[in-house]
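Let us start with two forms of the same protein chain, each given on its own as structure tokens and named structure 1 and structure 2.
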Structure 1
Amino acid sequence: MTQSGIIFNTQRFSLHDGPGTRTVLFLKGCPLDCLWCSNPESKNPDMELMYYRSKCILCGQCVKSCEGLGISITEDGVLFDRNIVDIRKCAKACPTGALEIVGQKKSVDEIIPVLLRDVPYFRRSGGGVTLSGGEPTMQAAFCRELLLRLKALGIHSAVETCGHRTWEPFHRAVEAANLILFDLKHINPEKHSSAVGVDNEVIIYNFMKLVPEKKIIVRLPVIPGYNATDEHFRAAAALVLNSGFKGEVHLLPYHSYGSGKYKALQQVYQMEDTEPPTEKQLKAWAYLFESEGLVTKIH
């Protein structure tokens, strides 16, 4: 019996999540609640209904399928109460895909063949599979088995993690990966807690412990109003150097590409007015790491 996990997307031809051309498997569920998250559908570990008004033709099939329970059509499109409506029924009935379920339970056996589809592309590009999310280590057993299977098949694997999981399961989850893309959102514990809901103690502990053991790329989101300051990046550089880390550092500038998905989930996007950091700022912060001999990229 293989492990199963909840995934919300398999994205092929990904070029920015580890080396080469990669297939990224997005796992659903995250212990953090970042305001800027560009995959809001990844937070909740359960299946959810998303609704894209732009795809909807107001045909009413969804209402029919649920006999009107918790769902109706208005001038603004379909209105539904996600606690009442039968999300499977109405998504299945929707002919346009405007109503769509995110999150599918899949076993390792079911997923592996999908991940292997692009092996010819991995081979040419030095790519492979990246587990992302959400937070993959929330589904540690699934994550572990998947990575072990990939390893046995000789496929390069990477895990994108926020690092927030107690060491034991965290380590078990990522142990078989070739590369860890380790996010550090903020170095200051209170600041960390203020925007993502939890402090960074476990995260920093895991990071320090993982550095000697695994190939890591440090990924620093650059979020104006939260961590986009000289002070923060100086502290981040100090911490990274202090850990003995010798790998690459990637700066991930804030973007609002995910805002439409908040709407689709009937949630409010709270960073509407945030402007992305300027190139000049990014270069200056990148230099803090480069000057210490760390290869630094701006994505």
Structure 2
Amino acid sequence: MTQSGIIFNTQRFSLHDGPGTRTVLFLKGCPLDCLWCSNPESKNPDMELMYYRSKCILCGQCVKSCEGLGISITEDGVLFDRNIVDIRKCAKACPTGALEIVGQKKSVDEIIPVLLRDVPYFRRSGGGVTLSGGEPTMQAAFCRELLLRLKALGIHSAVETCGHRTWEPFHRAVEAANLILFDLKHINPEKHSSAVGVDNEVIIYNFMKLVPEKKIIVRLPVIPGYNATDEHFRAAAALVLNSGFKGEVHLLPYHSYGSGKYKALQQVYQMEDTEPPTEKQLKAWAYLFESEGLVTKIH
């Protein structure tokens, strides 16, 4: 029987999630709770409701469909108790698309034809398919079967991962991938925990164990107020070098592009006033890795 997973987006023609032109498949569920997350709808492993106030005409159809259970109209729009409300009923009743269910259960058999649409672009550019999220390895069985199918079809595959999963399911999930895009949020375990909710012991263990086995790109988010310091990037460079890693390092500057999604989920975005790092800072931190012989790119 083919495995199924919870998918929340498919992004075609991506140029920043591995080599060449790629299709990125976003899976729901993540063990981290990063303050700067640009995909907050990915954290919950289940389907959930997003509410776009700009599309809402306050017609009350959603309230009627749910008989007022867990839902009401206020001066600021529709208010939900997400532990009670029937999200399917609400979304179905909305005439304007202001209510959207995020997350669909799809089997590998259903997903493969969608991914094969862009094979000509993959062949021409050296691209392929990237599994992202969320954390793809949270859905290890689905992830593994999909990667094996892509491998059999001769399609390059990559997995974006935070690495926070016990080794056995983590390794099963990524084993068939051609490339691992491995995020390292912070090297200090206490500071790692302070902004993402877990320490980095399992993450570093998995990284060290995976380095001799897989082709990896190390990705370092650059987050002002959290890890955007010389001390952090010197520690990151030391860790990467001590692991025996010889691949590329990518610096991912902070951005707030996903902040609007928090409003749609009726959550507070805690980094609203954070400014991105300057180009001068990014080049200086990139030089730390380049001076050690590591190819470094700034996204």
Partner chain sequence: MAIDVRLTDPEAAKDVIWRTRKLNEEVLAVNPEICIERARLITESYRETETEPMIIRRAKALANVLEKMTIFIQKDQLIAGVQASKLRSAPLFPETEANYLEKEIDLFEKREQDRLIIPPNIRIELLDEVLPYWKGKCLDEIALASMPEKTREIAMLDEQIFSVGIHLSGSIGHIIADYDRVIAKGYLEIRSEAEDYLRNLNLSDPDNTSKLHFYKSIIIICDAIIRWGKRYSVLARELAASEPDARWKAELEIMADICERVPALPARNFREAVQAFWFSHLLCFIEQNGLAVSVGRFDQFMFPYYRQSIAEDEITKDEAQELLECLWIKFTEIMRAYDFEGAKYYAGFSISENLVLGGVDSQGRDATNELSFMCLDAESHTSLSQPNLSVRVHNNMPEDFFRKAVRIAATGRTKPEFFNDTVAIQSLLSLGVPLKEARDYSISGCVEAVPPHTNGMTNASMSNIAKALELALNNGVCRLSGKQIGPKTGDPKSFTCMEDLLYAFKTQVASYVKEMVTALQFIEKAHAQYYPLPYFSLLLDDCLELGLDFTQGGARYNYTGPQAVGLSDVADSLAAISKFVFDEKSVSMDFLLNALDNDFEGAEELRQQLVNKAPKYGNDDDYVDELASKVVLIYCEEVQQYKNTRGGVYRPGVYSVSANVPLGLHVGALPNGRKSRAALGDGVGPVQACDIMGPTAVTRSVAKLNHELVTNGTLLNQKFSRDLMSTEEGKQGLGNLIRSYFDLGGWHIQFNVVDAEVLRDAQKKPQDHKDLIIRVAGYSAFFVELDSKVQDDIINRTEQTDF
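We call the rigid core whatever largest set of C-alpha positions still superposes within 1.5 Å between the two forms. Quantities reported herein were computed from a predicted structural model and do not represent experimental measurements. Reference numbering: structure 1, starting with residue 1.
Remark: structure 1 matches the stated condition (the form predicted in complex with its partner chain). When the chain is split into two rigid parts to describe its motion between the two structures, residue 169 and residue 94 fall into separate parts. Of the two rigid parts that make up the chain, the smaller rotates 13° against the larger between the two structures.
The shift recorded for the CA atom of residue 58 between the two structures is 4.0 Å, with superposition on the rigid core.
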